[in-house]
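A single chain comes next, written as structure tokens; it is the form predicted on its own.
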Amino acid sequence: MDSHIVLSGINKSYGNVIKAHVLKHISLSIEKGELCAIIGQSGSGKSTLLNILGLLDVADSGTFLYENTDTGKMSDDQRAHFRNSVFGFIFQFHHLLPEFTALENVLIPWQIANGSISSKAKARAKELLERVGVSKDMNNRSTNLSGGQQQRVAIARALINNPQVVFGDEPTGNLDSDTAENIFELIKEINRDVDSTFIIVTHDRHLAAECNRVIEIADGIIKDDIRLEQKTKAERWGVLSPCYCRLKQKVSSVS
């Protein structure tokens, strides 16, 4: 596999008078096609890391190379192009537009990128909605869909422009456990079939254990980086147990 995402010495702080150093000298490479989970306590820096990877935010220092392109030298327009055409995003809250149907919501990124909706684009959107299991409801407004259906539409929307990387920020965090498991099975299936890289922030240890790689962030640094390929479910739980023991201990010490 080729490393198409390479971070070197990434730092990020927020605040003017009192600075919060959220990411501290993060160095990381991610290979094409990986299904990668980022875990850590709230405030650890994992969402900030995801935002920098997704070009939703910019690091204070360090370099972020995507396919050997220095993203720090991109213009605002270039970053916007990447966010819409090269990357896809699935958030905890689906962010579907309530006045539009499921089909129309899926087509929004295509329309932004291309200016108009072709018959080919519409056919692809319908194919994706069938793939995620909501084709029968494609003409329903998003407000008439269940939470699980809305998140499935959001996944189809993230895939409409054939993204090379899909980012998920707690994509199952707003769902019940059964629906969350179904959604994550769908994400794994798509990751296998389309060879897009998936980078997902999650608090759910069950979902993290299903990924090929788990990166633990603590106090703005990479605490652990675990590869889970070729491991059984029991082996995955055994390898990840120290991470979740640390997280549990930290919560206990704060409370």
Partner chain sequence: MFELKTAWRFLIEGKFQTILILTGIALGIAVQIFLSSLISGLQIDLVDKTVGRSSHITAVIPDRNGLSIVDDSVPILTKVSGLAQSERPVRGWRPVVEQLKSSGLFTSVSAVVDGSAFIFKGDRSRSVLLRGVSIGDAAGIYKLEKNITKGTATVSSTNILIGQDLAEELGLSIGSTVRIATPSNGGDLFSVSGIFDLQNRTINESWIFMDLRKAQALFNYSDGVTSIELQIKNVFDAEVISTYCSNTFYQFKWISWQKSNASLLAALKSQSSSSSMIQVLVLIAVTMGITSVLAVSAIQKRRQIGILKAVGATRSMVSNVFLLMGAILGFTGAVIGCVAGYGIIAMFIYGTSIQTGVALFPISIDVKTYLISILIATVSGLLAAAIPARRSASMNPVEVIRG
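Treat the numbers as computed from the prediction; the structure is a model and nothing was measured. Numbering follows the first chain given and starts at 1.
FYI, the form predicted in complex with the partner chain isn't displayed, but the following is about it.
Chemist: Although the partner isn't part of this model, could you tell me whether F89 comes within 4.5 Å of the partner chain in the predicted complex, counting any heavy atom of the residue?
Modeler: Close contact exists here: in the predicted complex, F89 approaches the partner chain to within 4.5 Å, heavy atoms only.
Chemist: So, in the predicted complex, is L56 in contact with the partner chain at a 4.5 angstroms heavy atom limit?
Modeler: Contact with the partner chain, yes.
Chemist: Please run the contact check for D137 against the partner chain in the predicted complex: heavy atoms, 4.5 angstroms, yes or no?
Modeler: Answer no; every heavy atom of D137 is more than 4.5 Å from the partner chain in the predicted complex.
Chemist: I'd like to know if N174 sits close to the partner chain in the predicted complex, meaning any non-hydrogen atom pair within 4.5 angstroms.
Modeler: Contact with the partner chain, no.
Chemist: Which of these residues, D178, E185, E127, D76, gets a heavy atom within 4.5 Å of the partner chain in the predicted complex?
Modeler: Result of the distance check: D76.
Chemist: Determine the residues of 156 to 170 with a heavy atom within 4.5 Å of the partner chain in the predicted complex and present them in sequence order; the list may be empty.
Modeler: Stretch hits: a single one, R157.
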